[in-house]
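Given next, in structure tokens, is a single chain: the form predicted alone.
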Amino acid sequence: MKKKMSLLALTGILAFGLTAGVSASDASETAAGKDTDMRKIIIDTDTGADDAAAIILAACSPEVEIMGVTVLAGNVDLEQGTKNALATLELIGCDVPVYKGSEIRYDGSAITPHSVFGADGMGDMDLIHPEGSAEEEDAVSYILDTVRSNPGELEIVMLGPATNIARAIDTDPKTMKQVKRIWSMGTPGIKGPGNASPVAEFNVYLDAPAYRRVLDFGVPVTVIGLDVCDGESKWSDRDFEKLFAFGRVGQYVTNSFDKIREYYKNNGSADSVMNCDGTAMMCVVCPEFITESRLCHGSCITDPGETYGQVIFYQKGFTYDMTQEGEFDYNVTLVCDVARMTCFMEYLTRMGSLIASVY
């Protein structure tokens, strides 16, 4: 199913876009997209606020066609994550199907959801009232059916734990070998600390065996870590003020970040917050946003202990004293830096706003 904006959503985007000085033709092109040369993606999500921001960014980006959204437990439980995805898509009039996936980890153990975005994952601001419901087909079956229908063309954007994708690999590895690329918001990157532990990032930590399965499978993986989401990539209080001024979609995103902004204020980062999934999606839809990347071998630690969930990156061309370069397959493109100063500005642009009218 193609990504399409409803007339209502297009009218809304035009309304606050024209207020900011955008022409109708510019806003229409941003909203409706270009039907030629659009890359096909599935968004796999444990929908919290930053996942929702990423979904909106993809829906407003003419480079990609969202084929479907698959959901799993992570930030919130499966039911809440599904409602969050549905409500977000309905808000922007993006007519793509949503499919329920994993409620448990790759090894069958229970997932205890954890969210810094509030109990509902969306700021606890009473934002989530979807009218629609998820499809009957399960996420893994949908992923496999879509890959079979688009061999060598489909890209998967993992914004949560890797459980759905690992299960699809186990179910039909031959089909999953036809995935063009997997994008992952995960790991601390090459420079940053973790957020689940000093060495592990939340998405990986929640299901490290699944993440290891995906990395070891051999399909090209691009990893966007926490380190490129920090610093000047973060959204400030002033950014949220500007976002809030751009109509109901901007207000939805701003309100959904309410609890995590409160969390950051309480730990000393009063004026800015990471939007990890939004930054990752920016890398997907706008490859020129990536200013530095390195080809690596990624190895995920699944042994119990302090290093559980750590991903070690062996960089191609780097000499390690105790290992030989030929020992590795270079399965990961690691994003090492992005055009940080443009992150928030580009987000507003893709919502139908002219940067010159805001800054």
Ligand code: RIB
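So that there is no doubt, residue numbering starts at 1 and follows the sequence shown. Owing to the predicted nature of the structure, the values given are computational and were not obtained by experimental measurement.
There is another form of this protein, the form predicted in complex with alpha-D-ribofuranose (RIB), and it is not shown here; the text below is about that form.
Visitor: Please identify the residue among S102, N203, S233, T254 with any heavy atom within 4.5 Å of alpha-D-ribofuranose (RIB) in the predicted bound form.
Guide: The residue from S102, N203, S233, T254 that makes the contact is N203.
Visitor: Scan V179, A139, V157, C276 and let me know which has any heavy atom within 4.5 Å of alpha-D-ribofuranose (RIB) in the predicted bound form.
Guide: Of the listed residues, the single hit is C276.
Visitor: Would you point out which of 47-55, 287-295, 327-335, 301-309 contains residues with a non-hydrogen atom within 4.5 Å of alpha-D-ribofuranose (RIB) in the predicted bound form?
Guide: Selected stretch: 47-55.
Visitor: Is L226 close to alpha-D-ribofuranose (RIB) in the predicted bound form, meaning a heavy atom pair under 4.5 Å apart or at it?
Guide: Flag for L226 set to yes.
Visitor: Does S133 reach alpha-D-ribofuranose (RIB) in the predicted bound form if we count a contact as any heavy atom within 4.5 Å?
Guide: Result no; S133 lies far from alpha-D-ribofuranose (RIB) in the predicted bound form.
Visitor: Would you classify M122 as touching alpha-D-ribofuranose (RIB) in the predicted bound form, given a 4.5 Å non-hydrogen atom cut-off?
Guide: No - in the predicted bound form, heavy atoms of M122 and alpha-D-ribofuranose (RIB) never come within 4.5 Å of each other.
Visitor: Contact with alpha-D-ribofuranose (RIB) in the predicted bound form for F117, defined as at least one heavy atom pair within 4.5 Å: yes or no?
Guide: It does: once alpha-D-ribofuranose (RIB) is placed as it appears in the predicted bound form, F117 has a heavy atom within 4.5 Å of it.
Visitor: Can you list, in sequence order, the residues from 63-93 that come within 4.5 Å of alpha-D-ribofuranose (RIB) in the predicted bound form, counting heavy atoms only?
Guide: Going through 63-93 in order - heavy atoms within 4.5 Å of alpha-D-ribofuranose (RIB) in the predicted bound form - there is one hit, N75.
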